[in-house]
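A lone chain, given as structure tokens: the form predicted on its own.
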């Protein structure tokens, strides 16, 4: 998925809700992120567009809260609890995800398989 800065972005998204796991004082999500507007997009292995500075899921803890909720490695975070994640730094994204007073994280994510499924289904219908 590529976009032009300043232009509307169209994306196929999936809602995912993660119940954080409480371990003492810590709330565990069970995934790691990479990317952000302050990072080198050329290092992103999940996007074909090497100018994409989005926030991506880089690791999922097997059996953890994110895994149980259906989050996948390579998912691109579009929103976290209603906050836009398309133009944030890595640290801003991390802080949005790890707020101590939030036991639940509601995500909007996009992934290549979602986009491909929509493209295939659109190709099977005649255009009007």
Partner chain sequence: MDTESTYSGYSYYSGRSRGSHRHGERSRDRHKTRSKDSRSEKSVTINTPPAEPLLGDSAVRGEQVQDDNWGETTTAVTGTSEHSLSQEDIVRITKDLEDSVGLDCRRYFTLALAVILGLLVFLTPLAFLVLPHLLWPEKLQSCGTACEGLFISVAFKLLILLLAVWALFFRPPRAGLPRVFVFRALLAVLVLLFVVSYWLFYGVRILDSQDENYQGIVQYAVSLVDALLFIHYLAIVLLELRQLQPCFSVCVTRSTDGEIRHYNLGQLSIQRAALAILEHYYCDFPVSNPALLSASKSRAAKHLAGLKVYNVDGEFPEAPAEGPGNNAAAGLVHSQSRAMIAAAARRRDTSHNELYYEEAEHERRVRKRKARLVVAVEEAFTHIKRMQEEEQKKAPGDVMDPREAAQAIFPSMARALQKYLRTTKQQHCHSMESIQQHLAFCITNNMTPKAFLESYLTPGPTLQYSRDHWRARQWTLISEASVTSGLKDGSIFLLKCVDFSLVVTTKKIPYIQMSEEYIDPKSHKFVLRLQSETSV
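Positions refer to the first chain, counted from 1. Predicted model only: the values in this text are computed from it and were never measured.
Below: the form predicted together with its partner chain, not depicted.
- Though its partner chain is absent from this view, in the predicted complex it lies within 4.5 Å of a heavy atom of just one residue from 86, 58, 92, 81, which is 58.
- Within 4.5 Å of some heavy atom of its partner chain in the predicted complex lies at least one heavy atom of residue 43.
- Residue contact with its partner chain in the predicted complex: residue 38 places a heavy atom within 4.5 Å of it.
- Interface residue remark: residue 74 is not counted as part of the site for its partner chain in the predicted complex, having no heavy atom within 4.5 Å.
- The shortest heavy atom separation between residue 70 and its partner chain in the predicted complex exceeds 4.5 Å.
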